[in-house]
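To begin, one chain is listed below as structure tokens, in the form predicted on its own.
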Amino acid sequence: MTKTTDIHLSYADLAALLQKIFVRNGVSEENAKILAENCASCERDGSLSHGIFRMAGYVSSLASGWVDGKAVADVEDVGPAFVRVDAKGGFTQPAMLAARPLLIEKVKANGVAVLAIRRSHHFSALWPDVEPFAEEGFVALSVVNSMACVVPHGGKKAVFGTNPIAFASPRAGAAPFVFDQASSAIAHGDVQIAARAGHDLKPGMGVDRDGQPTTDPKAILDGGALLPFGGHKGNSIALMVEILSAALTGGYFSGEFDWSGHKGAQTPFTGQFFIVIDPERGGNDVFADRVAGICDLVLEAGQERLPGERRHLTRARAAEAGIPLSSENYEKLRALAES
């Protein structure tokens, strides 16, 4: 992608353009609005590997028949603190929002609840899924698995997805504390961006098709694989994500689904798991202040910034000046909307 930015769109205008693209490619109006706002939010906040960069993949997956853009999720009440959702082969975000009212009801009643989503496609960043819970005063944690592109520590074959984990908590006097990180050494989307730009990666992020270490993103994408972050430690987290996202929810493991019959499919067909907590049940009526306190201690100790802070700065700039797009990318979006 070119770095030249010639156009600035408001969040509303970008979301409307993306919604039009989704609808043109077989997504229901309701689902298209949810997906468009999710994608626009990522672009607005500078999460570029999950913003408009993903639109071609969304369109390709929809055109292949791999994902059902009109799916209506089936929300199941299966316990006092357990909500289960069958996404029916559709995207995760509409399924999650369909279950959200019941999930929140259970959290308020019981202090904690879990949400298990199966047969779903997740193709975005994970922080947009948890941040809204923290904005309402809850603590939220979510994990989602992906397509097999990560070799287990010491292994020779990709088994795990990038398998991110995201966490969000209220914080007094500031935006919620939110982190979103892959259990792989680098996100798959960032590898794709590096390959397009012709940039090498840092050592220790991936191997080529022969299992040899490489810094070439194209070699990783061409039959190679990513590595877990931190060796065996990241490996354990990736395995935990597979268990929670697939084994517990009834979804597919990252290497279990077969999309070979759907040329152009790119969205992983997996599962997602949430834990949402009401912190007031901890008997600590100053929870958000305590979170702010520990965050301040981290900064005072010398850490330059906390996770998510750069996103909020980028979001503030976008609110004033609009979301920057290169003219090339803008024209690509217009072409998708009109095709």
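When you see a residue number, it is the position in the sequence shown, counting from 1. Please read all numbers here as calculations on a predicted model, not as lab measurements.
One more form of this protein exists, namely the form predicted in complex with a small molecule; it is left out here, but the text below deals with it.
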The small molecule contact in the model of the complex: His188, any heavy atom under 4.5 Å: yes
Contact of Ala98 with the small molecule in the model of the complex (heavy atom, 4.5 Å): no
4.5 Å heavy atom contact, Phe253 and the small molecule in the model of the complex: no
is_contact(Phe123, the small molecule) in the model of the complex, heavy atom dist at most 4.5 Å: yes
Stretch in contact, per heavy atom within 4.5 angstroms of the small molecule in the model of the complex, of 209-217, 140-148, 72-80, 104-112: 140-148
Partner-contacting position among Pro268, Gly224, Pro228, Pro94 - heavy atom within 4.5 Å of the small molecule in the model of the complex: Pro268
Full three-residue contact with the small molecule in the model of the complex, heavy atom 4.5 Å, for His50, Arg54 and Thr162: yes
